[in-house]
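First, one chain by itself: the form predicted on its own, in structure tokens.
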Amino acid sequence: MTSTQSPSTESEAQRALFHQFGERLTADPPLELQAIREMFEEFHTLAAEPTQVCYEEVDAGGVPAMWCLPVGAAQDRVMLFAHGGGFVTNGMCSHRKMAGHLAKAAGVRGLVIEYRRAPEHPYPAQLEDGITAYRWLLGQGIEAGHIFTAGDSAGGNLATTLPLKARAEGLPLPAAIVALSPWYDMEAKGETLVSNAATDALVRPGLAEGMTAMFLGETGSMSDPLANPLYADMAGMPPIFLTAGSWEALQDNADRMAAIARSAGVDTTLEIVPGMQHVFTFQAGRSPEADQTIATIGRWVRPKLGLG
């Protein structure tokens, strides 16, 4: 589905910040990785603090994580959230507010994991940490059917590949997948990398390719289905909700996964929001587009978890 409303004035704040970041990313000399990581931590400034949500750090089977605890949330339902950042930047703190809004909309507790990052820890370290946290939740007595995976950008990739890995390991599958502006295409073949180059304020030419190289390291394959799920057999996967902005360079990642999932018989919902940037839900609590999408996700996922 595609919204027809025009971009709000509030959404300009994200475009302006991303433009600033994009200019710094393409400056000469190029930024060092630590400087990029420090800059991307500022993503959290785009979101408002969600009301009636508390946070608590936890060790999820050896994986650092943070609980997002909305008042009145179902204690036996969980959103397992993976942050974005090209598998190279960001962490649970940069994404806790957006995750808090999502958990509150779904009426569940949210667990934001801080997986190991590339290039220090290339693929499959991130997926291994994700499945470790999933096993930890199951070990805490949370039923697989009461869990949904979620994430943005690279985290949207992980939210999608985690159920694939769970299937490969014989684990029960989660109830649903939510992928926000997901990044799947390790080969940088997407047509919107070109067609939306002028409208995406952040994802400039070469950025995805550079992060791919760090993520996969020397031994990873761009066509490994657990790194690039555009090559995965999605048959039997849980229902999936995909969303992206029409101005972002990675829009077609969501489009292509939606087509793959539907052809495999997966219950698939695709939302493309006009005029929005990459991970526009970063503006949770501050832009109507972000709030509307988060509310839509909440309504979509609650029945999948057996919630009214």
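Don't overthink the numbering: it's just position in the shown sequence, from 1. If you're wondering where the values come from, they're calculated on a predicted model, not measured in any experiment.
Quick note: we don't show the form predicted together with another copy of the chain, though the next part is all about it.
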{"query": "Proximity of D59 to another copy of the chain in the model of the complex, heavy atoms at 4.5 Å", "finding": "no"}
{"query": "Non-hydrogen atom contact H83 with another copy of the chain in the model of the complex at 4.5 angstroms", "finding": "no"}
{"query": "Proximity of V194 to another copy of the chain in the model of the complex, heavy atoms at 4.5 Å", "finding": "no"}
{"query": "In the model of the complex, E41 touching another copy of the chain (heavy atom, 4.5 Å)", "finding": "yes"}
{"query": "Location of another copy of the chain contact in the model of the complex, chosen stretch of 31 to 39, 249 to 257, 264 to 272, 235 to 243 [non-hydrogen atom, 4.5 Å]", "finding": "31 to 39"}
{"query": "Three-residue site R24, P50 and C54 fully in contact with another copy of the chain in the model of the complex at 4.5 Å by heavy atom", "finding": "yes"}
{"query": "Residues of 269 to 308 having any heavy atom within 4.5 Å of another copy of the chain in the model of the complex, listed in sequence order", "finding": "R286"}
